[in-house]
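Form predicted alone, single chain, as structure tokens, below.
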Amino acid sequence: MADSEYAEIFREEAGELLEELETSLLELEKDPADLKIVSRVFRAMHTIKGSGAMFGFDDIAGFTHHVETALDKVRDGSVPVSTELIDLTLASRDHIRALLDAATGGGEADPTEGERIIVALQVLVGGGMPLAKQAASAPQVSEEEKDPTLGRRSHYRISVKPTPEFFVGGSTMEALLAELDTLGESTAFMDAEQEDGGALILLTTDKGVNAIEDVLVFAESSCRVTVTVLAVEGEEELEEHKKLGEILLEQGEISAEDLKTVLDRQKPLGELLVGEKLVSRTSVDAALAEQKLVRESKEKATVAKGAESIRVASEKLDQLINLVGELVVTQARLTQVASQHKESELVEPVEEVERLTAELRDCVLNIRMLPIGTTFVKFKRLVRDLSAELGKEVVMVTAGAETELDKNVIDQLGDPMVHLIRNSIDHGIELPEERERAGKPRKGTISLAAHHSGANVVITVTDDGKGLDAERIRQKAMEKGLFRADTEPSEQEIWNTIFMPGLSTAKTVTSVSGRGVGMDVVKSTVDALKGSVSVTHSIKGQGTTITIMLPLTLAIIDGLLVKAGETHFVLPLSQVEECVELTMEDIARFHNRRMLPVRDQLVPYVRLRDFFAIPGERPVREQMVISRINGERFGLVLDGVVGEHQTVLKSLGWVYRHATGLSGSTILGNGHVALILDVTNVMQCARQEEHNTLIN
């Protein structure tokens, strides 16, 4: 039974190790000869096993032990890396995840799956028979050949320099030193100047260097560890050659001060070379400058690598974000009160509060920002498994992995990205033979890219497959009643119908796709994230690009405050393209058809007064805010634009959970409530109303 106090720590650490394990296995499949990757895989599995046993996850430790046994044979070179081995190890990774979820109340693990994997691994690494039988018949590699220091009394110098992560899980240097002491005779030199300093251990043992590395394997992920063989008794080859001064100093024949005095009399190499007229002074100065530049660069890199970090529960960050949101609202009220009183003494401190609040808001929001590359990496496994299942050859390339996005947005981005990739592989990328006949490379390519665009992140999924068949999509859309027979929809309108529920052009329904559900999930999720998704490029025979645009964060957004009657609304500024005036003459010119020409393009619009049944007379000159939703322009007509507004998002509560055209609310500086518009929903409702009117 897992210790509940440490179960969460283990769950988080094991989750990170499993992600690292999957990435390493996919890299190993591409480069089976890279022993560093093999070691990385082994260490991840070894750490999961050891930590699992330590925290009471005995079933995980027991299963991982069998996998580790198989990987050990890969590590010592007796079993080659093969596709079957990668498949089984990836399956092992999935089973450990299932065991982990089951142990923390997240489902059930199938024990027969674990048994199947263990038997398959035993047959694979044992050459067709269980490991026990194989061990008796396989060529024996002596333990001495694998570790030349095993059984021979040897002296080691072990340096352990911990990072702050080492102590997060409750590890201590004392416990590590005690474990090393069980191997033989050890002497430890602790860094007395710093509490979390490192240690230098001199160890004499006949257990071999592998036994030492096994003790240190848990510390390697959070410490800088080096093991040096100083000498093997009976051998002189391994003994390090020391400088004469170092030996005399160690023997006490000379003091450090005397040694330094003598060494200071030596001229630097540059001076000697210049003195001998072998090189010029300029050349020496240039070489010294280069040396300084490289040294400083390395020092900066070391400092950056060793920067301290701490692990904080996401719930605490959410609480901090909420508090900052309340502070932003309070600061807005303070600003409004100060402006009403017009007290000159208040101007400076209020402006200072505004500046500090803005800096605090940006700092807190940045804490929750994560690079989107952490999400991209997860899809490599999906592409690998799905392309193998469908008999296709597909490679995935990524760009902009360092682009940062709010953690909550990234967490919800997984499902839509999975559906987009599955559709690209199933419907877009052709079979290898088909691609060769079309003059394309045998392997198809899926590109995931991300970049910042103002307050948004733009993510594109591009494939070099067959592209969309616009005519077939149009016919399907007409069968579904999405287009009338007498209309001529634009190419963009045809493409966007693939996101409608139930619309699929697949001739057969497979386990991957074909029911017209996946793209609807994509759109629903992206809409919920206050973003947009659209097909931005598709050429028959060349491929398709789908673009997702998302706000950087969902906690505090930049909004545009507008007014209709006495009601204030906020539009996400990221969805606002421009504002124009709508006059009575414009309305009369188009016979109340709710269309306005803007830059040679007719833009349909909805009047908020009508949509929300707001009473009162509308002004003579109305304002129209134009948004671009899923690649299409759409206008919202209102009484007036107040200006930009820092918007802290608040939910509407369960009473208003079915409210149409609204996604939340916010508090204004005067304490009044403003409603946040769901522009996409308003547009959909308006179109549905128009469609129903035309049918009736």
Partner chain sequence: MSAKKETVQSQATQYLTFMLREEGFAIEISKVREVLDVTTMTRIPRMPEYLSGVINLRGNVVPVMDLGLKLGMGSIEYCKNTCIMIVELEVDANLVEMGVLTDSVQMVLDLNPEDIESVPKMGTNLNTEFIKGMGRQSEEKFLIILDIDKVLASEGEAALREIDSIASTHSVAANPEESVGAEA
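Residue numbers count along the first chain shown, from 1. It should be emphasised that the depicted structure is a prediction, and the values quoted were computed from it without experimental measurement. Take the two forms, find the largest set of C-alpha atoms that superpose within 1.5 Å, and that set is the rigid core.
Here the subject shifts to the form predicted in complex with its partner chain, a form of this protein not shown in this document.
Residue contact check for G671: one or more of its heavy atoms lie within 4.5 Å of its partner chain in the model of the complex.
Put simply, T69 is far from its partner chain in the model of the complex: not one heavy atom of it is within 4.5 Å. Its partner chain in the model of the complex comes within 4.5 Å of no heavy atom belonging to L121. By the criterion of a heavy atom within 4.5 Å, D318 is excluded from the residues contacting its partner chain in the model of the complex. Heavy atoms of every residue among E326, R594 and E617 are located within 4.5 Å of its partner chain in the model of the complex. Checking D258, E213, D411, D610 for any heavy atom within 4.5 Å of its partner chain in the model of the complex turns up a single hit: D610. Think of it this way: in the model of the complex, its partner chain has a heavy atom of just one of A61, V641, A659, I629 within 4.5 Å, and the residue is A659. Partner contacts here mean any heavy atom within 4.5 Å of its partner chain in the model of the complex, and among 377-385, 586-594, 414-422, 79-87 they occur only in 586-594.
Annotation: Cα of T567 displaced by at least 2 Å between this form and the one not shown, core superposition.
Core-superposed comparison between this form and the one not shown: the CA of G671 exceeds or equals a 2 Å shift. Core-aligned CA deviation for G391 between this form and the one not shown: less than 2 Å.
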